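One chain is shown next in structure tokens, namely the form predicted alone.
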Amino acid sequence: MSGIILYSSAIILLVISFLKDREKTKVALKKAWKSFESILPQILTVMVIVGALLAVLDTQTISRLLGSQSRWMGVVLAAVAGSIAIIPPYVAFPMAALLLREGAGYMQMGAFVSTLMMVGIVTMPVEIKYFGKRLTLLRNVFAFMFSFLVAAAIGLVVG
């Protein structure tokens, strides 16, 4: 229902914008399309990876590896995976929601998403180039440790 409301609102506002200033609306739509084109390959890649992962791993396996029963071992596994993966936030959150529906635990997904956003193992060489080795390592270590605090807080709240 909320999707219908959001899409309807967007269409109504687009029509109002078009009636008010056609040229600005056309320019905005062209910019939006260019942005969509640049984001699409990343989204499709992640969707294919997640789809393949869900095809290979059944609900029981996801629950065993990342479910609430996996406790801190699942949190560590999720944090390591999040530290290595390069997934943009607009894909990470829906993916985490999908994994939650398939049996992953809240603590594990909290660690996964927080390391995904804050830790960058793959991007470390670029970060070292701009910020130096010491600062990069400290930032990544503290961010990794913080993800466990996030997981613990989620575990306390969700139970």
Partner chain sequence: MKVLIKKYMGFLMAVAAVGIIMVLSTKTGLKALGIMAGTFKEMLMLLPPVFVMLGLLDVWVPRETMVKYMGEGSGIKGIVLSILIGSAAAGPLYGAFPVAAVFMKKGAKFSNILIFLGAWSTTKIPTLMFEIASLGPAFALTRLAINIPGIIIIAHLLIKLMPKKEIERIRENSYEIL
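By rigid core we mean the largest C-alpha set that fits within 1.5 Å across both forms. Quick caveat, the model's predicted, so the values are computed rather than measured. Residue numbers count along the first chain shown, from 1.
Heads up, the form predicted in complex with the partner chain isn't pictured, but that's what we're talking about next.
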Checklist entry - Taking heavy atoms and a 4.5 Å cut-off, does M109 contact the partner chain in the model of the complex? => result yes
Next on the checklist: in the model of the complex, does V50 come within 4.5 Å of the partner chain, counting heavy atoms only?
Outcome noted: yes
Next on the checklist: Although the partner isn't part of this model, could you tell me whether A96 comes within 4.5 Å of the partner chain in the model of the complex, counting any heavy atom of the residue?
Outcome noted: yes
Checklist entry - Quick one: does L65 come within 4.5 Å of the partner chain in the model of the complex, counting heavy atoms only? => result no
Next on the checklist: Can you list, in sequence order, the residues from 87-126 that come within 4.5 Å of the partner chain in the model of the complex, counting heavy atoms only?
Outcome noted: P88, P89, Y90, F93, P94, A96, A97, L100, Y106, M109, G110, V113, S114, M117, M118, T123, V126
Next on the checklist: Is the shift of I39 between this form and the one not shown large enough to count as movement, that is, does its C-alpha move by 2 Å or more after the core is superposed?
Outcome noted: yes
Next on the checklist: Taking the rigid core as the reference frame, tell me whether F146 has a CA displacement of 2 angstroms or more between this form and the one not shown.
Outcome noted: no
Item to check | Exceeds or equals 2 Å, Cα of V15 between this form and the one not shown, core fit | outcome: yes
Next on the checklist: Given that the shift is 3 Å or more, do the Cα atoms of A96 and V48 end up closer or farther apart in the model of the complex than in this form?
Outcome noted: farther
Checklist entry - Quick one: L77 and L44 C-alpha atoms, closer or farther in the model of the complex compared with this form (3 angstroms or more)? => result farther
